[in-house]
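To begin, one chain is listed below as structure tokens, in the form predicted alone.
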Amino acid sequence: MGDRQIRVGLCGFGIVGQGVFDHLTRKRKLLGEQLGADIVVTRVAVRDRSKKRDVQIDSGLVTEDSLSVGTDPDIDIVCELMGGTGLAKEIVTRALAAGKIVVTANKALLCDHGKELLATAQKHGGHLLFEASVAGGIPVIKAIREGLIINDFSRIDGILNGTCNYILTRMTNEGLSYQEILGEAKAMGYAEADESLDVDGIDAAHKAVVLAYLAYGKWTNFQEVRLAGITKINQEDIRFAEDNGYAVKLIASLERERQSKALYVSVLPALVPKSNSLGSVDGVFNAISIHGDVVGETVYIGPGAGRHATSSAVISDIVDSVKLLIFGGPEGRFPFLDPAPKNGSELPIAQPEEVHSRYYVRMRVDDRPGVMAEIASILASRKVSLASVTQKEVGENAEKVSLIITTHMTTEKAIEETVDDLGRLDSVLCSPMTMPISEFGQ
């Protein structure tokens, strides 16, 4: 173990914070031998000192003043693991302004304030590392920033939320409803008490915004992400997918449109071919498919959340930080640690009329003559070509049917207008549910 000691401060000591402390402590000697420096956690900020925790920690290291940890001049690396965008932002900003290295797993903070925080780091000689903010234990940020640096990316698609993937997998395998599985997922700790961040797609959208910056150099506004969650998925959708060689997945997609070259960022439930690499990823796992012009497609699969997966990513950033501190030279900088993606700040955001896909639409309608003609007339008026129609009675009520249609290739604008028009028909009994049929650029 080298003579130099690298001091780490943890702001936040929940599941991830405890995991980072535990692994750094247990592997302190091994890391020291590999890096030539002793990595030691010297201060830990908690919300409540009296709370019982899974790991043993010297009470002398603990404080309830997280800001003091972020600004402590004796701390070399500040790990922000508390979440939120209020106090967390202040801690990260002040640490970066002091020229410190900051490691964070906070995708919401990066989504809302990443551009500002990276500018602060650049101005004051600090560093902001965030491998753990996307896809947990999958080193996708490192892959984009380093391993695939020579590539231009035509598209990136991913399953970025393990809770949603777990729910959809069980709906498929067990035939249960969304609500039944959500209740069990909460009891097992796979879903939060307030599940909306996960099931409404917000968590995945935060991650998609971070990926868009890294891959294309564009900070996308959260409001520009085309967003829908999984709460409207039911067993009819699951069965249709199964019968037709698809799986239903919540897919985050980043795509450069072929003609306009505008950037499209979305998080939507989609029908994914089972033959596709993302179509077979089940349970709480995450997966990301990256299409580069040099390497082709690369796929990364692994645990996307939890103590150990996220801790692994945080510690990866800590190790890079230690290398910077030891080998960084007189200016103390490693350029590859500072995301410096292609200049995409002026990249336009794709408009709905520029986005092309096939679509699945499910609706409940009156079973009477003329209904299908009304629906076909609306599709024709919006220049949406019908590919298939599936009709099934709803329960024992022969007067109501579930109608599922699929379209040929059309635009997002056309399908949105079509669904709005269909929803106004007296014969359509509730708002139609729609999702893209993913072709992944094929």
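Counting begins at 1, following the sequence as shown. The shown structure was predicted, so the numbers you read here are calculated from the model rather than taken from an experiment.
This next part talks about the form predicted together with a small molecule, which is not shown.
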{"query": "Exercise: L87 in contact with the small molecule in the predicted bound form, heavy atom 4.5 Å", "finding": "yes"}
{"query": "Non-hydrogen atom contact G12 with the small molecule in the predicted bound form at 4.5 angstroms", "finding": "yes"}
{"query": "V428: touches the small molecule in the predicted bound form, heavy atom cutoff 4.5 angstroms", "finding": "no"}
{"query": "4.5 angstroms heavy atom contact with the small molecule in the predicted bound form for D48", "finding": "yes"}
{"query": "Contacting member of V102, A132, A252, V140, with respect to the small molecule in the predicted bound form [4.5 Å, heavy atom]", "finding": "A132"}
{"query": "Interface residue in the predicted bound form among G344, G328, G83, P273, criterion: non-hydrogen atom within 4.5 angstroms of the small molecule", "finding": "G83"}
{"query": "Segment assignment from 354 to 362, 118 to 126, 214 to 222, 190 to 198: heavy atom within 4.5 Å of the small molecule in the predicted bound form", "finding": "190 to 198"}
